[in-house]
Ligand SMILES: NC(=O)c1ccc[n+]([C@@H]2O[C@H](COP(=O)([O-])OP(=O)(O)OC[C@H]3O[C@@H](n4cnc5c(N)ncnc54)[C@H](OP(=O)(O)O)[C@@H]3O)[C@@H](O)[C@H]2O)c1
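Shown here is one chain on its own, the form predicted alone, set out as structure tokens.
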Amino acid sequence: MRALLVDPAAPAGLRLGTAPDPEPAPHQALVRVAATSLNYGEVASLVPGAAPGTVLGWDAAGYVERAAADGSGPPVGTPVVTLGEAGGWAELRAVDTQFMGVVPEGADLGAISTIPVAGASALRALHRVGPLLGRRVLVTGATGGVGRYAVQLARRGGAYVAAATGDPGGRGEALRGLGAHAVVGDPAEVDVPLDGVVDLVGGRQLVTAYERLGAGGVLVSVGHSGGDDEHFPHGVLYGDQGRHDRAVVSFHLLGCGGLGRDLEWLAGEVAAGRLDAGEAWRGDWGDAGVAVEALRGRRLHGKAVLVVG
């Protein structure tokens, strides 16, 4: 099969080549990939350190080529959205049926391919915040793939949504269009106690956002795009003065049960136009290097979609 292979000598560290077809385990389906989307974390962190010839890729959408031998999962020909630790940047992917969701017939699989990491991470983060109706929620790094989904889903859940971005003047209108009530350049600008934070930046912003939590508030650490350490000054973790019972939590997406149901629901919402997929770039997978460099250089705010084949 054809695949995007890690190649340190190639532009952006990737080239189109051939790799052995995957052989599915009994609980896996073989999927013919139609589109895949890139995530900042995989192109910035995984590609540079991966062995030559590796086929990476977390997100992919396509059609079931061979159903799982154990009877789990959908039948041959079903359009699906898939999540895995690797293998999404190829014509064929073997994927656990628990990490697969059925897609409505006729849906744009390019848009659907943006869902697995970005959409499911946003949904699971908001689950950890708790009930959203009438709550105040901050999303940091709000113009990225996860951030855009988190803003929309928090608003859909009934929360007052503040979105933090490095360019509130230039990106504020787009974020308000997704559902943000307020757009700020830094969590320090939030002047009301928060019930929840979905943090995608880490470092100083995580600490500042945590300080804005009110009693019982939860900060969910999802991303670390800032690249710096978290340092909590003395006193930040005190529980008095309205700071009782605050929490910082994290999770590993592939460790979550029930992801197939989440992926299927998100696919239905994107297909129906009730969720914006946040697609910022689309092209043939032969042009993957262009998208990778744009993501690494922070010139893309949203998702990059590669059409396979």
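One rule holds for the numbers: they count along the sequence shown, beginning at 1. Since this is a predicted model, take the numbers as computed values, not measurements.
Keep in mind that the form predicted in complex with the ligand is missing from the display, and what follows is about it.
Comparing 258 to 266, 49 to 57, 35 to 43, 241 to 249 against the ligand in the predicted bound form, the single stretch with non-hydrogen atoms within 4.5 angstroms of it is 35 to 43.
Taking non-hydrogen atoms only, residue 224 approaches the ligand to within 4.5 angstroms in the predicted bound form. The closest non-hydrogen atom of residue 200 lies within 4.5 Å of the ligand in the predicted bound form. Taking the partner from elsewhere, residue 156 is found to have every heavy atom lying beyond 4.5 Å of the ligand in the predicted bound form. The ligand is not drawn, but in the predicted bound form it has no heavy atom within 4.5 Å of residue 123. For the options 127, 204, 171, 135, the one in contact with the ligand in the predicted bound form, meaning a heavy atom within 4.5 Å, is 171.
Among the residues 165, 152, 97, 208, the one placing a heavy atom within 4.5 Å of the ligand in the predicted bound form is 165. Using a 4.5 Å cut-off on any heavy atom, the residues of 141 to 158 that reach the ligand in the predicted bound form are, in sequence order, 141, 143, 144, 145, 146, 147.
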